[in-house]
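To begin, one chain is listed below as structure tokens, in the form predicted alone.
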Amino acid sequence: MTGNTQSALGERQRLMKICANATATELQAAVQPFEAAVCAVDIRPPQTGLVMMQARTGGSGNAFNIGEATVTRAAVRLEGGITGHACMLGRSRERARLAAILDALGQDAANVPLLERVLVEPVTGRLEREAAVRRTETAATKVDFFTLVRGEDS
């Protein structure tokens, strides 16, 4: 794999990570500025199903099936022929289709600056604020233990 292909793949993965953490409202707001998204044709309409999840004992031991998760997948083609794919946890067909559209849009370098502004920055900001609230709430429950020594043991 060449360096450009790897960096493009990394950017695509980063965009899909943001889509996975975005709400339906955030995804709709991100798609809205793009006229090409209106012409998106479903290659694979959103479908909901199950995937088997695996875990490892101690993080590095033998793999075992831990359970199933509900996922929804979608694939779309934009007017220019670029295809986008998404597979999202949960049953939201709308989120999966919007994420697939954003995946396709993100493959065109001309769309990247606008995607950064309308999707990546707002979602990243919200996630950082939520993490800060969790840290504050967790810090409020911190208990410091100390040992008080009395006298000498003889």
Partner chain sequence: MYVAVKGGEQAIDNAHRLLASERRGDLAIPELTISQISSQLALGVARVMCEGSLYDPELAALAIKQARGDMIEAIFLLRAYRTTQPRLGDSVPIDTSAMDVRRRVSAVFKDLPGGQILGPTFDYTHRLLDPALMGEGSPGEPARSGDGARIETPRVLELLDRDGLVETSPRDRDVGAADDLTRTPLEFPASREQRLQALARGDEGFLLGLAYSTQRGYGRTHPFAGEIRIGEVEVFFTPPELGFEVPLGTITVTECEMVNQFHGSGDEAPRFTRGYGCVFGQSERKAMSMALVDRSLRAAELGEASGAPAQDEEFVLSHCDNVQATGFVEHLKLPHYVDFQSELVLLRQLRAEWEAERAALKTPAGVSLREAAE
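We call the rigid core whatever largest set of C-alpha positions still superposes within 1.5 Å between the two forms. Positions refer to the first chain, counted from 1. Note that the coordinates shown come from a computational prediction; the quantities given were computed from them, not determined experimentally.
One more form of this protein should be noted, the form predicted together with the partner chain, which is absent from this view; the next part is about it.
Q: Exactly one residue in V38, A55, A109, I43 has a non-hydrogen atom within 4.5 Å of the partner chain in the model of the complex; which is it?
A: The option sitting close enough to the partner is A55.
Q: Please pick, from G125, P113, G67, P33, the one residue with any non-hydrogen atom lying within 4.5 angstroms of the partner chain in the model of the complex.
A: So the residue touching the partner chain in the model of the complex, by this definition, is G67.
Q: Is T141 close enough to the partner chain in the model of the complex to count, meaning some heavy atom within 4.5 Å?
A: T141: contacts the partner chain in the model of the complex.
Q: How about M88: is it within 4.5 Å of the partner chain in the model of the complex, going by heavy atoms?
A: Taking the distances in the model of the complex, the answer for M88 is yes, it comes within 4.5 Å of the partner chain.
Q: Using the partner position in the model of the complex, report whether A24 sits within 4.5 Å of the partner chain, counting heavy atoms only.
A: The answer is no: A24 has no heavy atom within 4.5 Å of the partner chain.
Q: Would R77 count as touching the partner chain in the model of the complex under a 4.5 Å heavy atom rule?
A: Residue-level check for R77: no, no contact with the partner chain.
Q: Hey, which residues along 38 to 54 are within 4.5 angstroms of the partner chain in the model of the complex, non-hydrogen atoms only?
A: Residues within 4.5 Å: R44, Q47, T48, G49, L50, V51, M52, M53, Q54.
Q: Determine whether the C-alpha of T23 shifts by 2 Å or more between the shown form and the other one once the rigid core is superposed.
A: Superposed on the core, T23 moves its C-alpha less than 2 Å between the shown form and the other one.
Q: Quick check on Q13: with the core superposed, does its CA move 2 angstroms or more between the shown form and the other one?
A: Shift of 2 Å or more: no.
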